[in-house]
Structures are given as structure tokens and as C-alpha cells.
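Below you'll find only one chain, the form predicted on its own, shown as C-alpha cells.
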Amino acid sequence: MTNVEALKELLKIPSVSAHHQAIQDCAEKVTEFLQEAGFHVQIIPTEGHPVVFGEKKGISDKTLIFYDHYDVQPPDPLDQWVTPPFEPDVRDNRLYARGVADNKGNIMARLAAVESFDRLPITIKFIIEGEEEIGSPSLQKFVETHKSLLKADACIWEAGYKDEAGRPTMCLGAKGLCYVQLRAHGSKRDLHSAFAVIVENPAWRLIRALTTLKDSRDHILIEGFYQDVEPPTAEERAIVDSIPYDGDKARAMLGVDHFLNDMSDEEAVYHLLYGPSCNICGILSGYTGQGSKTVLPADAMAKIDFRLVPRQDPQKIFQLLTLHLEKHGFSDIDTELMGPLWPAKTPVTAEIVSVTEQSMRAVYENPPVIYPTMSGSGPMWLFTDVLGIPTVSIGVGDAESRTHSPNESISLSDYEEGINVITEIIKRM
């Protein structure tokens, strides 16, 4: 079986963590592939989904650890997929399937790189979890319990993409995340909408609460929200200012004709990396089906997320949010913190940064673009802060990969290059 065929086998497993679907099957398949490559493998139980840990000794004790995840996002909406999400399909040199870019393609590319060596020059470890797509709720306890098992000199994180111009990217950090569910309550059951003149509608109450969080220029109004924000260092700012960014291409790919508040391309790059945010992920209340139903809903729910930058603490932000709602007369709205993540960053001067940059330059036609952090979030802080491992993120996706969306894909050419980059990193470490 070729590596791409093995990747297809992995992609067929619908390991949707949000639905707790096919999790054990996928963990066992990943274990099988690691064992075939000569790794000593353990499937380690957690309070949630199991972690697959593999280790293969090298000539040197110097150790590189790969962090990946075998779980994937739900494939919805299904009607927008050209081919079924768990039936891998190759079209125009692109491989389409849910999870191929995020993150199963990276798992198999890294494994292929390791298998290319007759004798590994360094020790390689894999930690592959099954809850990344639901906020990695069990990973902190796992990491704190298995610190000695996870010792390493450097870590390659789970994701990385070529930008809109086809330039490979490397990220040295990640934003934090405070994800909150809000719920407003009204009558004890749904009512006829005629009662709307005398009974408060929880959907309106929730909307009024949400409008207190930001002003019309998207400045977050929670008292103390920006208090701990740490601005980028001079080195980091210089990297940000050097990032090539084609706003026209980005807007075209996103399907918008302007950025928020008409910000410039330079402002957009800065905000993507260093701008904290408050976002409504979804709102649910009442009747949303076909046709009309005149109803006054009994409750309303919203999910919101705050992307956080260095020194912001998601638990503190949650407390500030709760105090804000109380101060504005919304203490009756239930709040639930879901899967907090802390910001993470690796120093620009870390050895793994230069090793990875050199390796990328040796493989790719275009020079790499280095980002001091990424716009997204993940449990990277457990590696940079808890384990003290310098961590960089690279991968095999591109700007058209559509992660978390229908028709997720990777270029098979990018996949081969991704294998070669990891091979170079292993040699150069």
C-alpha cells in the first residue's frame, strides 16, 4: 500500500469528535500505521478520547515530537460536497475528504518522512489526540501526567498552509480561546406569539445582552478585557511588517469586497495575528423551519468565542464576561465556559525556527513566510509553556484547502513537498 493509499484508508474513518463517532476505530488505525513504521505505540486512555503515543529511537537522543490529531470536524452541510466527505476522491491532482488538510494529511506525511530513513538520525515521537476539534478538554491533564514521556527538544505542530500566492508558511505560536455558551430563559414552554405583548422573549433578551459586548467599531466593551494584552516585541513586529499579503486575493477568496471597518491590508495582517476578538458563532431560538410558525420561544442560546493574544487568560476573560453581564442587568443569562485555551508563542531565536526555515528553503520554490503567531487557536500552550518545548507549525495544506468547510482538500504535489520538508528537518536537527 502506498502512503497516499494509506492516507485514503485513514480518511475513510469518520472520526467526528463532536459526535464521538468512530474514535476508537481511528485511534487503532493510526496505531497500526505507526507500528508498521517501527514505532513503539501506546493507546493511552483519557477522561475523553484516547491519545495515541508513538516513539522510535534514533542514533541520537535528540528528540523531535510531532503533535497531531486524528479527530475531524463534522462534514455538514453534506449537500455542498461534490463527493461524499468520507469517500476520498482525487480530482485535478487534489485529494478531497474531510480531515485531509486538518489533520490526517499531516500525520501521514510526517510518518512517510520518518519511514524514508534506514536509520533515524534523531528520536521521533508522535502525540496524536482525538479531541482537538472540540477544544482538547482532556489534553491538559494528559500532558501534566505524562511530562517525562513527552520530553523533546522541539515540536512540529499540526497545521500549516501555503498562502494565496503559493508561499509556504510557518507559525511560531497560536491565539488563545475563550469559548462560551449563553442561554436566556423565558416562559416554561413555547407560547403562541400573541403573548409577545405581555411575556418577554428570551431571544430579544439574548440579543440585547450580545449588543453590550462590542461597539459599532468592534471595540470590545467588557471592562478589563484589554488589560493584560502584551504587544508584540520589536522582533515580532518586524516580522509582521515583512509579511507579504495580497489583500485583493484574500478578499476574493473570502468572497468579500472589503475588510472589517475598511481596514488596510497591513492592519488586516496585524489584527489576524495580534488582534483579540469577540465573535458570535451561532444563535438558536424558536422556529427556523420551512414556512411560518408564530411562536414565542421558551429559551434562546448563543455560542460566542473570544480569540486571545499573549498574556490574556481565558478563565479571567470568562469571569470578566460574567461580571459584565451582571453589571448590565443580565445576571439571569446562564454562562458556560467550554474548552479554554491559552495563547502560545515560541521565540523567533529558537533553534527549531532556523532549522525549519532552512529546510523549507531547501524544498520549496518560494521562500517561506514566517508568522510569529497564527490567527487560529489550539492547545500549543501546553507544549510551549507547560512542557517548555519550542514549537513551530507547518503543514501540507494551502489557501484552497477549505478546512472546516465542504470539499476540504490538499494538493498531492504539496503533500509530497510536505514529506520532503519533514525529511530535511530530521536531517538538519
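For clarity, every value in this text was computed on a predicted model and none was experimentally measured. Note that residue numbering follows the sequence shown and begins at 1.
Although it is not shown, the form predicted in complex with a further copy of the same chain is what the next lines describe.
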Interface segment, criterion being heavy atoms within 4.5 Å of a further copy of the same chain in the model of the complex, picked from 230 to 238, 189 to 197, 83 to 91, 114 to 122:
189 to 197
is_contact(Pro347, a further copy of the same chain) in the model of the complex, heavy atom dist at most 4.5 Å
no
Classify Glu144 as contacting or not contacting a further copy of the same chain in the model of the complex by the rule of any non-hydrogen atom within 4.5 angstroms, answering yes or no.
no
Is the gap between Phe259 and a further copy of the same chain in the model of the complex 4.5 Å or less for some heavy atom pair?
yes
is_contact(Ser413, a further copy of the same chain) in the model of the complex, heavy atom dist at most 4.5 Å
no
Answer option from Val295, Leu149, Val353, Ile333, heavy atom within 4.5 Å of a further copy of the same chain in the model of the complex
Val295
Within 4.5 Å of a further copy of the same chain in the model of the complex, counting any non-hydrogen atom, which residues from 16 to 30 show up?
Ala18, His19
